[in-house]
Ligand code: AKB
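Below you will find one chain, with nothing else, as structure tokens; this is the form predicted on its own, and questions on how it binds or moves follow later.
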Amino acid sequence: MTQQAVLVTGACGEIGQALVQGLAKEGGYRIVTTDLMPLPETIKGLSAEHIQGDLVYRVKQFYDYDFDIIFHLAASLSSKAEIATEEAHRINVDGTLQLLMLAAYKSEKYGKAVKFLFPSSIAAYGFPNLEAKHAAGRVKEDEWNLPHTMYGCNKLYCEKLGMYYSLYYGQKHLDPHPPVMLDFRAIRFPGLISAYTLPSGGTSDYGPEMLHAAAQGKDYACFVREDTKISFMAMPDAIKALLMLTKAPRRQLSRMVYNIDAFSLTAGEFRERALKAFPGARITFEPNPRRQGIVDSWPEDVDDSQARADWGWKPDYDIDRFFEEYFLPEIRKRYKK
């Protein structure tokens, strides 16, 4: 069987490691990875080739490859992006733009659309105040696209760039034989939680940070209020969604950017779960104004009905399964609790 050539950028990140493992498990892929860092031992043997370095300066190198699928995961995340906004724009936008140009060029050259999978985020949304957030309920893809952060602005703009390169780039008005363009597909992920990699300081990481601290018997001061609520998802469901969307026939897709959802809970409910699992855990709430403001701008819940209708999306892990069958068993094993 012919293998599909796949590029995974940001392969050392939480999503990247899990995706490489998921692709290898499915089989049928020749995986090329790239990241600023060397590959961790957990996935080193799964990559046919790893290219280490700054993606923005490495993209020209990839013109020598013929990728069928690009998973562009490399990004400067929300909290870090607010501190170094220009660098975040360089990484998040310039890197994406260059890869989109590569995919568009290859699609036209070979007359076959390169699939371009892009992990977007609930950071693409933005509410002016908590009243509007609470009143909004489940937010659809085209509502409240008013991000408050550089990261959110970058993600929303890159979604638009993906649509542009898929629909309009290089096409002449009423051209009867338009060039074959790339096949851009994006998912707006909620907060993602992996049982196998440590939290990396993301703005939605207060939940897993709290549980990791409780499992180790360490004090934890949560950086958001107890009533703070956003949606979350187990990492296996995130990888499942990426692979499902990759395989979905283009004709079934009514849009290029999709919400997906699993469960929503408050920081206080995370604390309750931590105390139940690790009695005696010492967890307090000391909101950080900057990070609290970011989370307050994100929706409490999103409407993923289009993903469910178009490509059969459904999460495997609800709140109870996430804690009892996925997350808690692994961190108990990790810390021998």
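What you see is a predicted model, and the numbers here were worked out from it, not measured in a lab. Residue numbers run from 1 along the displayed sequence.
Unshown form predicted together with the ligand; subsequent notes refer to it.
- Note on the partner interface in the predicted bound form: the residue among 151, 125, 165, 116 having a heavy atom within 4.5 angstroms of the ligand is 151.
- The single contact residue among 228, 203, 194, 92, judged by any heavy atom lying within 4.5 Å of the ligand in the predicted bound form, is 203.
- Stretch-level contact analysis of 195-203, 241-249, 258-266, 138-146 against the ligand in the predicted bound form, using heavy atoms and a 4.5 Å limit, identifies 195-203.
- The ligand is not drawn, but in the predicted bound form it has a heavy atom within 4.5 Å of residue 77.
- Using a 4.5 Å cut-off on any heavy atom, none of the residues of 9-41 reaches the ligand in the predicted bound form.
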